[in-house]
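Consider the single chain below, provided in structure tokens and representing the form predicted on its own.
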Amino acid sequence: MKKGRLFLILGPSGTGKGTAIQYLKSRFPEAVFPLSCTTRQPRPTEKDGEVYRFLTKGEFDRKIKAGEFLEWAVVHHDNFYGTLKKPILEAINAGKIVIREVDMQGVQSIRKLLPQDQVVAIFIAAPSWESLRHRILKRSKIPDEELVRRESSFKLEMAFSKECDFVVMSEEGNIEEFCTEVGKIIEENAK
């Protein structure tokens, strides 16, 4: 049986990764979209088991020690995020497309564990920090120190984009075009 492929979606906060994932869920209903585990608090609109499994730090730590994560990282200095190994490996072995949002640490970890021909990294880029900052502030009020942290992350992530298989530009007002482009990449590389 032909093995499936894992498509990793990554990029700076605010570039539209969540929007792309929602689009991909409708375009590829047969694909597997594994949940992320996190120790951060749920936002008011989030429910456990929809996009995230919300865990205590103790629960997360037990899963790390048991080797249950394909990748995990500490993000923004205090919250843990991770991808459980079992659902992804089962889907790939069953020949399915798996689509997962990760950060750059996640890409590096996953590439060490899975064969290169099973992993495709798609980076969602913004044209500039200023355009992304504008988008972020339009979405919600963010403290200045958080903006400084995000700008620093933006620079590191944009430099990392060179290590990804594909880079798709996400410009404000062109959501449909960028989502369609990500979908085409997955369609062409799933074969």
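The structure presented is a predicted model; accordingly, all values stated were derived computationally and were not measured. Just count from 1 along the sequence shown to find any residue number.
The same protein also has a form predicted together with ligand 5GP, omitted here; what follows describes it.
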Using a 4.5 Å cut on heavy atoms, which of Lys162, Arg43, Lys57, Lys138 is close to ligand 5GP in the model of the complex?
Arg43
Given that ligand 5GP is left out here, which of Trp129, Tyr52, Phe166, Phe28 has a heavy atom within 4.5 Å of it in the model of the complex?
Tyr52
Can you work out whether Leu114 and ligand 5GP are in contact in the model of the complex, taking contact to mean some heavy atom pair no more than 4.5 Å apart?
no
In the model of the complex, does Ile99 have a heavy atom within 4.5 Å of ligand 5GP?
no
Heavy atom of Ser153 within 4.5 Å of ligand 5GP in the model of the complex
no
Ligand 5GP contact at Val75 in the model of the complex, heavy atom, 4.5 Å:
yes
Heavy atom within 4.5 Å of ligand 5GP in the model of the complex: which residues of 102 to 119 qualify?
Val102, Asp103, Gly106
